[in-house]
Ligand SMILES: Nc1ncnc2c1ncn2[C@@H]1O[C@H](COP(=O)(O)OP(=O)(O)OP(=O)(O)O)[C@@H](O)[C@H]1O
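Just one chain is shown here, as structure tokens, and it is the form predicted alone.
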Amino acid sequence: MSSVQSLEIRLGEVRVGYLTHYPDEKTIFSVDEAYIGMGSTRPVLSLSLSRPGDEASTEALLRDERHKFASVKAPPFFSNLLPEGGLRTRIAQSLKVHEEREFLLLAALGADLPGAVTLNPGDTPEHLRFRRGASGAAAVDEAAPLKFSLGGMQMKFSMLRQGERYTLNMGTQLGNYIVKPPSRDFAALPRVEAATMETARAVGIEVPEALLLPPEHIDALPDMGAYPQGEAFYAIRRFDRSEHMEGSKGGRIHTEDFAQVFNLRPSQKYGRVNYEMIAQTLLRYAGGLSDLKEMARRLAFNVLIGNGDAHIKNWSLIYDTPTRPRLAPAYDLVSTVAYTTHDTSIALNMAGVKRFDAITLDTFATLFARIGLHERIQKDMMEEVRVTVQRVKGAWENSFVAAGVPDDLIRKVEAHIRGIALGRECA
């Protein structure tokens, strides 16, 4: 780019500030003074910039310039709004832009990002305005086929469900489902994910509606021939979109993942945070003990079902109340042990332990003690773990058979469940 360009950042109807890109490829996030001036009534953009109940600390974070700038990439909060992997590559190629130039990607996709954040040039000061199609910004092409952003490595699409039909979001209306195609690398992956999510629902974990789609129910998705033919697609209801959406402007519910909470980049989703840190955040700044009990259920579930991919981008907060979040519904739950004999660990450190076969009831007890829970509450949490394990053992196989998961994959999950200590302890 040959000039300074800027995008207005809005959270719903509230202007939060500006994201500004400079000719030397630096991108800076500046917070609007009016947003700071809202005080304790301001909607929370991110817990990385807010301490609910502590306005002095929140204002200090909002004014702190650290972590609000980046070179080539965007600052971490905004970087995490963009996809990784194949979807990112595909979008960047269609825009004719290098996929590391995140400001241009955000400019192209800013009307349909995860949650309730939007980025657009509409109300920025004239001298900072980002002009689509201007010199150096030709990559922001109004004719680009994919105009939405979704986080994560797996190929996925934001689609609008109307009756039994699912249509690709082309930028004119928000999608209300995420649809994942079958994989050529992992057999029956949509079926395994659907079965894992249904098992989670059966044991009392909060999950959105999830279902398997015949490919003939999907419209306007390019390159359908690139996917294994005749296999089901996986669809999940977006919890960051409301049931009643009004065109392209309404229907957004704010969310953030824990990479955003901890101000980390997507590439840091495994090694920098542990489950204790997530639990402390939920206890202090989110839904408190109810969130912690839900987290305990999910941790027990992930260990037993063999989900080794519950990293920080697969845990999110949802802002049903704009000033304080709660733990968002579970998503991207997959029994990863169905696909590899090398998947022997959970994604993050848990009370000093990561290996599935080394996690016991004592591991959970240590985690709850480290968080500082009262002894009586620790006992309640431990009972929740035991009950969840027993429910998983009673429900998982029916869910996997009903979803049509191939027998060889079912047997791998069965071997995992039988082989870990947690399952034997909660017989």
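Being a predicted model, the structure only gives us computed values, none of them experimental. For every residue, the number given is its place in the sequence shown, counted from 1.
There is another form of the same protein, the form predicted in complex with this ligand; it is not shown, and what comes next is about it.
Peer 1: Is A107 close enough to touch this ligand in the predicted complex, meaning at least one heavy atom pair within 4.5 Å?
Peer 2: So A107 does not count as contacting this ligand.
Peer 1: Look up in the predicted complex whether T199 has a non-hydrogen atom within 4.5 angstroms of this ligand, and give yes or no.
Peer 2: No, no contact at 4.5 Å.
Peer 1: Answer for H311 alone: is it within 4.5 Å of this ligand in the predicted complex, judged on heavy atom distances?
Peer 2: Answer yes; at least one heavy atom of H311 falls within 4.5 Å of this ligand in the predicted complex.
Peer 1: Are any of the heavy atoms in E84 no more than 4.5 Å from a heavy atom of this ligand in the predicted complex?
Peer 2: Looking in the predicted complex, residue contacts with this ligand include E84, since a heavy atom lies within 4.5 Å.
Peer 1: Among the candidate stretches 157-165, 281-289, 313-321, 344-352, which one is within 4.5 Å of this ligand in the predicted complex when only heavy atoms are counted?
Peer 2: Going through the listed ranges, the match is 313-321.
Peer 1: Could you spot which one of A296, L213, A187, I236 gets a heavy atom to within 4.5 Å of this ligand in the predicted complex?
Peer 2: It is I236.
Peer 1: Could you spot which one of K147, R326, K180, R88 gets a heavy atom to within 4.5 Å of this ligand in the predicted complex?
Peer 2: None of the other options qualify; the answer is K180.
Peer 1: In the predicted complex, which residues of 254-269 put a heavy atom within 4.5 Å of this ligand?
Peer 2: Sequence-ordered list has one entry, K269.
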